[in-house]
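The chain that follows stands alone, in the form predicted on its own, written as structure tokens.
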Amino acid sequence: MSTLFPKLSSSQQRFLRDLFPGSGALLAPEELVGFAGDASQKQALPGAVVRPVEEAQLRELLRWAHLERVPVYARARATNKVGQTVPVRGGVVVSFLRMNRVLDIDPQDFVAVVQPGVVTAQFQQELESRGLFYPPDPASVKISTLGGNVATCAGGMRALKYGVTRDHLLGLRAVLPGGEVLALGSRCHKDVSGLDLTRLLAGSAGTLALFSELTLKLLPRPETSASALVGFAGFPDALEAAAAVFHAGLLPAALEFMDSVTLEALAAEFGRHDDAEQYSWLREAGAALLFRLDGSRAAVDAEMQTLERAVSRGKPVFLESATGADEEPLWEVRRAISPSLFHLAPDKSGEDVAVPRGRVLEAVQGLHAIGRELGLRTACFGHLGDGNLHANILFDRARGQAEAARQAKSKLFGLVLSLGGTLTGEHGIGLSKKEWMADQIGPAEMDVMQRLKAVFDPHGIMNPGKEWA
């Protein structure tokens, strides 16, 4: 399955047009270009794009693709950063944007049933008006879809308290190569009947099946929330403050960190604003933490007082807290990080590694040491509470630094694995990290995954060339 699939024949194209009438099948090269890549900036042109509206079409498509040995790639908004949706071996891209209906929201069961193309933030807004809450919040929440979130087991900033997408997936309907449908899980919040195939498929990145329906667990909407943005002289001080918060018995909904290089980039970004003086602390601090608490109003007020006492152990140089709608300016700082890094270099390689919580300092210091060794700047930020670090290698391709950046990436992965960490906390392996996967996953484990793949997808047509496939 390593070769490129040949151009679709006229009969194969006719089959797709008949199954997906009107604008449901795209075959012209100029129509396919927009489906060639994703947020990884990697690209490969598919042979066709289809846009299903119902499960029956998926069943017939995978029956045909199984028989014809045609590669199939699931895709929605293509926010993935490691090339998971890139059709590297040709074949058919399946766009789920037309399967975008919320089928059921049940406030008694605390369950929702949705199609995979529903945009995550729109779904959350609909729940909010009903006093309900769906916690997973990947950075792409405003544009990514629930199906894509399940396929990648997306995390996000609230993962510290609420877990990742897999923890809120009760069941799904999955279409296998050959057209068989698996109806997995249930509307029950506890269900241990048989093997947990639902959780197996969450994070499978389109390598095993296509999803036609998702059953999601909901929670009561918290009454309120509060946030605190705290600056420190250095990263060790920030870590001491974070440890004090946990030791005080608090579990924040979110706990983000920013290192000194990240703050330098943010200072360049916000220094251009009319209210630049409000952000002068960015030039004074060597690290920062951003907390969010949620729950009842009384509990949040009390917890914020406890949090402010706890972080004082790190001798903060700046502290600002806010509640409700007034929190937005604090989180604007966090959202501005990724684009602000381009103030420091025209190119960057961003990696979402994760390490045990107790090894975060070693990982951040090690990343900076790798950068110094190779003459590159590095920046680190991310989800401190669960050790998920967004390590950024900054470089200038025009100055011939691309190879040094690749060496830094390889050294970073070696460092992370030596600390007992993982190559990816939430983005996945995809194309970008595939060559390093064997450094983490042993041959026996790899063999088991490949045998599982063969059970679901005996001809290797589902998202070939990614992960371990």
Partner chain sequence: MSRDKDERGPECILCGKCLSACPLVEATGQEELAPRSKVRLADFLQEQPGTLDEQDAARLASLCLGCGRCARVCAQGLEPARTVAGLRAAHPGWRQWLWKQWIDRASTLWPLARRSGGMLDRAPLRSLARRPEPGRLGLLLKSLQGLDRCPMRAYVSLREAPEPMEVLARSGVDAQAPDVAGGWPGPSIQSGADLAQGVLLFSGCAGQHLRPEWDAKARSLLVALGWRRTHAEFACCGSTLGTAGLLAEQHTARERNLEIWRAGGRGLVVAYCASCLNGLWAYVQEPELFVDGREAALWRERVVPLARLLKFGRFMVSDDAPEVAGYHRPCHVCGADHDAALLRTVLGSRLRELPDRCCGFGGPLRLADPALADAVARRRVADLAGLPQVLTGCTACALQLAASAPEQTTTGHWLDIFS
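Keep in mind the model is a prediction, meaning the values are calculated, not measured. Residue numbers count along the first chain shown, from 1.
Keep in mind that the form predicted in complex with the partner chain is missing from the display, and what follows is about it.
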query	finding
Partner proximity in the predicted bound form: residue 398 to the partner chain, non-hydrogen atom cutoff 4.5 Å	yes
Residue 142: touches the partner chain in the predicted bound form, heavy atom cutoff 4.5 angstroms	yes
Proximity of residue 244 to the partner chain in the predicted bound form, heavy atoms at 4.5 Å	no
Residue 269: touches the partner chain in the predicted bound form, heavy atom cutoff 4.5 angstroms	yes
Interface residue in the predicted bound form among 390, 292, 77, 173, criterion: non-hydrogen atom within 4.5 angstroms of the partner chain	77
Among the candidates 359, 187, 368, 343, the residue which, in the predicted bound form, approaches the partner chain to within 4.5 Å (heavy atoms)	343
One stretch from 177-185, 199-207, 335-343, 350-358 that, in the predicted bound form, holds residues within 4.5 Å of the partner chain by heavy atom	335-343
Every residue of 256, 260 and 277 near the partner chain in the predicted bound form, heavy atom within 4.5 Å	no
Residues of stretch 28-59 in contact with the partner chain in the predicted bound form (4.5 Å, non-hydrogen atom)	29, 30, 31, 33, 34, 35, 37, 38, 39, 41, 43, 45, 51
